[in-house]
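As structure tokens, one chain now follows by itself in the form predicted on its own.
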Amino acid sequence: MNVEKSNQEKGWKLKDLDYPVPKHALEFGYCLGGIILVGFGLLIITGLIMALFFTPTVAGARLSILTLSENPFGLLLRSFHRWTAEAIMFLIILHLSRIIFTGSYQGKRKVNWFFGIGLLVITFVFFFSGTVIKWDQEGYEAYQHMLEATEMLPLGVYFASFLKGTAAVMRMFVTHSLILPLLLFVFLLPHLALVKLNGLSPLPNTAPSNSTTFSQHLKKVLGFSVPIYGLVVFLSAQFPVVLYPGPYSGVEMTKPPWIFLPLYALEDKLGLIALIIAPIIIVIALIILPYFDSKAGENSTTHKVVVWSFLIIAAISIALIIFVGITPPVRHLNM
């Protein structure tokens, strides 16, 4: 009886989440990671349902989505999936901004910052592959951009040839629904473990105080998530996502989703090589950031340079998004 009671005491209980965390864990900026995680859960659920009705072939992909969209619930489901993906991309930018502003990549949190970079790249590829597998004009042009840019890399011709052909949609669908989710969990689990191990990053120039609990933090995450994803439901109902015609070879008539518009603008000036150079520069800059800005505290000159540089880049990116959004599409491809 005592052994059985002892084993029960060792079991996991809900009150185990009542370990202390700083009070600022209840603030919106420090709940963003959890809100994003809720969004990924919603994407997995809606994605699994839509996969039951999706035909991952060049001939059947767009038709199966069109058939799903003819049902009001199917259209709402697909719209919610896309709007949630849009919301997550925006929330990730906010999350990244908060980390940069507070210098939360410094010191012992450096390794977790690297896992975060991996999650950032995976999320962008998620969004891109989800655009492609629709196999409408927008998806087809995104796919052609990827192929032509890939062919510019060393040995890229061989990789591009693997992606071409009638199996293109199937391979992108496997990437979107199997490979990327596995990679997401590979990077996410140590990311969450390190947050628990290192503790929540402190507020700059503020003495740490353990004045709340992690369970209260989770309640706040859910409290913020309900109105955010409730708004997504509203947007999904009022502004259903568009399925373009096509795809038509030899023409270029669409522009990418907003998150890729700065790259689209750079492509106007530099050509397809911008699709390779710009992401590489961004990832390298993020990797070296903890080494460049290694002194704790937001008052250091180096950190101020980092913050102002980030704000300038953000302002330029917003300006490019607006400019590309109001101008006609420009032909980039050689197809």
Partner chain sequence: MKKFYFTVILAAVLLFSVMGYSHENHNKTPRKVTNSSIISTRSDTININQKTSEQIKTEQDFETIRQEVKSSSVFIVFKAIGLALAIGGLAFVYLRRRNKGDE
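Residue numbers count along the first chain shown, from 1. What you see is a predicted model; the values in this text were computed from it and never measured.
Only in words, not in the display: the form predicted together with its partner chain, which the text now covers.
- Out of the listed residues G107, G165, P227, P204, P227 is the one that sits within 4.5 Å of its partner chain in the predicted complex by at least one heavy atom.
- Distance criterion of 4.5 Å from any heavy atom to its partner chain in the predicted complex singles out R78 from the list H95, R78, H145, H217.
- In the predicted complex, its partner chain sits within 4.5 Å of a heavy atom belonging to L26.
- Though the partner is left out of this view, E70 does reach within 4.5 Å of its partner chain in the predicted complex, counting heavy atoms only.
- Within 4.5 Å of some heavy atom of its partner chain in the predicted complex lies at least one heavy atom of V241.
- With a 4.5 Å cutoff on heavy atoms, H303 does not count as touching its partner chain in the predicted complex; it lies far away.
- The stretch that touches its partner chain in the predicted complex, counting heavy atoms within 4.5 Å, is 58 to 66, out of 287 to 295, 264 to 272, 41 to 49, 58 to 66.
- Counting a residue when any of its non-hydrogen atoms is within 4.5 Å of its partner chain in the predicted complex, there are no hits in 152 to 188.
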